[in-house]
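Two forms of a single protein chain come next, each set out by itself as structure tokens; they are called structure 1 and structure 2.
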Structure 1
Amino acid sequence: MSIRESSHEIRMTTNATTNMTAEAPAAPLLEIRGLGKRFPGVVALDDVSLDIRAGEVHALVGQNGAGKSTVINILSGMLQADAGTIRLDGVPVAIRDPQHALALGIAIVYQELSLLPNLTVAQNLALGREPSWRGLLDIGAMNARARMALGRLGLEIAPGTPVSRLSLAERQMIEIAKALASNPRVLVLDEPTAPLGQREAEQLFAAVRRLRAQGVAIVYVSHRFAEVLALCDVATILRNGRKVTTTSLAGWSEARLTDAMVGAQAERYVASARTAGAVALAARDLRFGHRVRGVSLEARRGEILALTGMLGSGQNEIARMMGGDLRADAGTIMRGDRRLRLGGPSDAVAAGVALLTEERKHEGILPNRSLRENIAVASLGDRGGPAGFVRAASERAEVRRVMSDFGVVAASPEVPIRTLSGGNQQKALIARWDLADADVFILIEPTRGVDVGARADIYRRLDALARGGKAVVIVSSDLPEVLTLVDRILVVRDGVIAAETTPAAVDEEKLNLMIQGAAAA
């Protein structure tokens, strides 16, 4: 069942809850009043107030930079507010640090993973709360606790599995299980489905509904408005550090949420026909362990091609092999009549193939370097001067040009890229490879953790690349994104291309059935 398909069922429960609340409003479990926070030159929060009630899913909605992360960091104790009060059960609290937040019953699941890969699942879940017996670590109790926490999410992962062996989506679910292991009264989920496939997302939604029924107060932060409308009871909308409104979501639409968030009728991406040209990159009988079992495909100039499927079906490995990040066990990758020998990403880059993975902060940006350096790093050789020095003026001019072309918003090209929103970081990475004159762009989950405004902007930039004669390949688990953006869709299932279709031939329901293998192509 897709997110949209389940919306009606969830909404009926939500409306019932909302109606009961309207008749007899419950006292807030967590009250935030007049919250304010300033950083040098920036007002992050200005007089923000909201109530979080037990047994309620409360969405926190806003563009990147609206103040959502600052609210979360204050609730976690990582930041201290400059103004305002927080009450828990009516009692004022000053949350000193993350340990104090946990002791108060406030657990945060961040978008960025914090697991230790060299430890097992059970060890990560018990970290800082290890059970002991007669002064020794009680491994049996630790594993039992882990199985209980995993079971709350419907996960079938052995507690003794090293985290390093888990997929990104599995690690995200372990982060959530880790938060649940502390039995929180308030659970904050920051973009929890960003790395998840449809099946894992549905497991998460089921867990959220169970927690709501158990009286847990849940703060849900997501740029995916279909999820917000399907799962959440109320929403607080932030804009530029101030609260726009807190409202019941009954009767709201994605378009209305978007308009309230951005403050005006949002400029949306509307697809128009593109014309595919010659083959720019082709894969023939690619194989990689049991994950990819003989895949052949062609990416053409002037088109955007999507690979989609259930998590772990092999689409990520296909993309990484084509981008040089994984070495195929067998098969060939062709650029025209030339067979590419890809020993690593640098070989792909030399052939004009750029890979942007879903791990933007770990495998994309250079966080401590400036925006200018991040954009220019892949094309330094093009601006070499005497004695091998870079022509600084040329570099600055080129960087400013592509920042303008790709809509990268920053106070200066010299600001650290880590200070930018996720959407601006992603646009900067695409600009990097355009400046390096890449011919084929391969992007895994291109709008992960990106707000609705930046998402539409990224779609327009990818559309412009395709119209300019580039080949664009995306791997996406976001079915509305696939149906909105691309020309052709390849459904990957169990390591093979199970179906090929187009957005004109399917809707979200049919595409989801094709992905699950429940309907013929």
Structure 2
Amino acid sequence: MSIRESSHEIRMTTNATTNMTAEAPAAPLLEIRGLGKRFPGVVALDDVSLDIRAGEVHALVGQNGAGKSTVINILSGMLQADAGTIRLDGVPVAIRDPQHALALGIAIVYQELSLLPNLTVAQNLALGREPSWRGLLDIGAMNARARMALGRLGLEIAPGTPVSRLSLAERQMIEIAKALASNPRVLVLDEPTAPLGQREAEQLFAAVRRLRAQGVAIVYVSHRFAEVLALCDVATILRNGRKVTTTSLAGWSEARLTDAMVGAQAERYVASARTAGAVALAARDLRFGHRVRGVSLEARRGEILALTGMLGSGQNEIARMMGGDLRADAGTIMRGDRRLRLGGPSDAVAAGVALLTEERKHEGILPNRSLRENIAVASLGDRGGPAGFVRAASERAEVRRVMSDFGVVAASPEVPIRTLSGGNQQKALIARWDLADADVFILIEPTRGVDVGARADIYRRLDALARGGKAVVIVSSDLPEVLTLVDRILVVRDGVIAAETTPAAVDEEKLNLMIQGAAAA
């Protein structure tokens, strides 16, 4: 905090020579005026203006589809605006493409990861800027550079590791290191903490604060309002492609931010007691390499169970083994007194177990297929009927129903799903999974990238499933989510269940300590 204030003062004194009043803020580094962008059937941005200042963390806040990524894609040169101007240091710029944006000092960390999995960490960090020596790639220099960039984020990853071997969270941190490697003046982060655990998120926040103190302008997009309030100085709120306001966040609460974003009093999810019934799915002594080292647990009807832990502790693998997406090295999975043989997710679905994994870009989405096909794919063939057209009609009706249940916003169910905003894609995957007629629901990071309002809808839906006698298991690194949604919490550490607790017995701080292994039981 004090570092930031002093950097502010320095700016004030430089400005004094231009005869500004003491309160006048520094001239904006980036001035965006009257930005407009249309897509077929959608006005993504309409007359949006905002200023981004050096040494400021500026939040872009809005519901799924509000236009946040569109602003960012225009700043990065990925998209061209239909209307409006952008000035950098007072000079109008036409940002042609991502290379040009980088040359101007604008670096973007995307909502969807863009690393090349078959290359090493160092190669990914150097892409387009490979150091060479007499025309040969200088691997030593490349690795040294990578080690430095990783060190800035406090990461201990060997530069020669192929990206495909890294966890989603590690890949996200590499993505950020890649953006920092260009020494940007404007750093744009689109939901950077979505795949991160608490500890990695804190490393990221520390890096963001250091950059702010160095005078970098930071644009920050996140649906996690607790971190927006902790990290950001000002926020611009977007609603349906229009700017509602730009405001200092001093004195703001999460509730106020939510209401300003939604434009009304947002309906909140209120937890109430549920009663656990019979065991629906049990795991006995599951093992997977070094990641899972003997885990037993029971998912009961009528309850929501959470697995949480630091990244890479094994919680995702446990869920994926139980959902048939990962074959256990050892151990058993029982449905009642029947032992399941899970050769793949379809075996799990046949056994009444539905799994939603974490990584929509690679595992979930069929990008060029329509929204309707993406939602219906898991339950195709379920809808019997005398003729194909009856099936098609009932499929369309059902798809429309779940779209409205989950608030999936799109011009039509027939548009390719890749044209939807990130959060709307995630909602569509949840809707797909909801159509599956299952008894046990396992979801990894279910509300990743989903806006606060829709998150409450998803919580209500999961609550209804549990109350209807289903067993629900979530893997979540979002501690407020764990504490409001579930009945029972299993803390996974180093591939074993290290502790069991309930939301009533812990607060966020205590749970975080348990996760890090710092709390004496």
Ligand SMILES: Nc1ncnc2c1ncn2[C@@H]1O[C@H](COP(=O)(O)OP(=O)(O)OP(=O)(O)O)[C@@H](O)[C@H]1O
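C-alpha atoms forming the largest set that superposes within 1.5 Å between two forms make up the rigid core. Just so you know, these numbers come straight off a predicted model, no measurement behind them. Residue positions are counted from 1 along structure 1's sequence.
Participant: Here are two forms of the same chain; which is the form predicted in complex with the ligand?
Facilitator: Structure 2.
Participant: Note yes or no: does the Cα of Thr419 move by 2 Å or more between structure 1 and structure 2 after the core is superposed?
Facilitator: Result for Thr419: yes, a 2 Å-plus shift.
Participant: Under a superposition restricted to the rigid core, does Ala431 display a Cα displacement of 2 angstroms or more between structure 1 and structure 2?
Facilitator: For Ala431, whose C-alpha is compared between structure 1 and structure 2 after core superposition, the shift is 2 Å or more.
Participant: When you overlay the rigid core, is the Cα of Ser222 off by 2 Å or more between structure 1 and structure 2?
Facilitator: Superposed on the core, Ser222 moves its C-alpha less than 2 Å between structure 1 and structure 2.
Participant: Rigid core superposed, I'd like the Cα shift of Val408 between structure 1 and structure 2 in Å.
Facilitator: After core superposition, the C-alpha of Val408 moves 4.5 Å between structure 1 and structure 2.
Participant: Once the rigid core is superposed, tell me how far the Cα of Arg372 moves between structure 1 and structure 2, in Å to one decimal.
Facilitator: Comparing between structure 1 and structure 2 after core fitting, Arg372 shifts 3.1 Å at its C-alpha.
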